[in-house]
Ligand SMILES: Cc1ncc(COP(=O)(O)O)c(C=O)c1O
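One chain follows as structure tokens, the form predicted on its own.
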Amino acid sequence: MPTVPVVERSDRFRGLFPYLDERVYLDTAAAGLCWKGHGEAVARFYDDVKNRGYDARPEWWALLNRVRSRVAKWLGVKAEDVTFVMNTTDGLNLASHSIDFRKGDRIVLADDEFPSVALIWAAAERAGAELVRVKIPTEVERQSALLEAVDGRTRVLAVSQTHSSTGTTVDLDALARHCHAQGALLMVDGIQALGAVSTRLDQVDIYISSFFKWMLSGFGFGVLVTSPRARQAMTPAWRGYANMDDPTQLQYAHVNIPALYGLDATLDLFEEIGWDAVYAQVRLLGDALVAASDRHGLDLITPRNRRAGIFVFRAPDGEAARLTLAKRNISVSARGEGLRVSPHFYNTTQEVERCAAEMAEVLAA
């Protein structure tokens, strides 16, 4: 059977995103577009399941276990490693408050980390842990600077897989090898990478992500993946009926079951497209955007060889430029030192090339 080209394969699914007929949407890193049919999948819980009350519990319980197994298989972990949470910040807090910190432990993170990674360590500091904020000299040196800061006293390295304001993407396996050699845990905020690039977590200790960005699902639902090694270092911070009989279980209450129905359907969609095709299209669009930005003389902050789906371009007044682009029917974000462009598989090379040309015009004005 002949192989369907990546672009043609993703074009077949573009009709599931009608907003793309109205606008050049290149802001998935802020929120991904929900596909046509996602709402119907969520409504199925209310219309076909919850309308039978608690009598339908076996059905939604079976779906919960099935989706947990699907997510685990996709990420290269075991089902028991997967805990569903409300969102990324919820999962980060649950993990950070569950680790048993001791006096003298060090927590290493970049000094420009996202607030939800940086502000969750008050309990650890009260236990005597030291928060070590690492200055990042340049984006190319981000990973090496973090690696250099991890030593035998480090308990946790906390890092964004893809930095929300620069687009720099770290090598999780390289970080994990170094952390484990030093006896440290690797804790990762993956929301800006999950669904944009292939992610395997068999070497990662703690990984948290919501599903409303690159995973094209709704708000109020996320995943926390913990390795057996990480759980040995944890005492669940919150207790409830769901973990009253298991001293190591982090899931303490009901999860967002309606959102689970939406995620299950979204996983079907991604698998129909093919994960490799999704990742390849994101890469292709990134290549086209970088090439177009070079032609137009734009200043790309994101390292070319350490990227996922986010590209940040230097702009003196990012918000003013964003508003001007919005008037030209192009959606991007103002982040960090400029404009953040984040195409997903549903975009086209023509859209990213138009965006680069319009950005150059706006920034030259």
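The first residue of the shown sequence is 1; numbering continues from there. Small disclaimer: the values here were computed from a predicted structure and weren't measured.
Quick note: we don't show the form predicted in complex with the named molecule, though the next part is all about it.
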item: Among 283 to 291, 248 to 256, 138 to 146, 208 to 216, the region lying within 4.5 Å of the named molecule in the model of the complex by heavy atom distance; value: 208 to 216
item: In the model of the complex, the one of Thr83, Thr89, Thr154, Ser96 near the named molecule [non-hydrogen atom within 4.5 angstroms]; value: Thr89
item: Proximity to the named molecule in the model of the complex, single hit among Phe101, Phe114, Phe270, Tyr279 (heavy atom within 4.5 Å); value: Phe114
item: Non-hydrogen atom contact Ala184 with the named molecule in the model of the complex at 4.5 angstroms; value: no
item: Any non-hydrogen atom of Val108 within 4.5 angstroms of the named molecule in the model of the complex; value: no
item: The named molecule contact at Ser160 in the model of the complex, heavy atom, 4.5 Å; value: yes
item: Partner proximity in the model of the complex: Ser164 to the named molecule, non-hydrogen atom cutoff 4.5 Å; value: yes
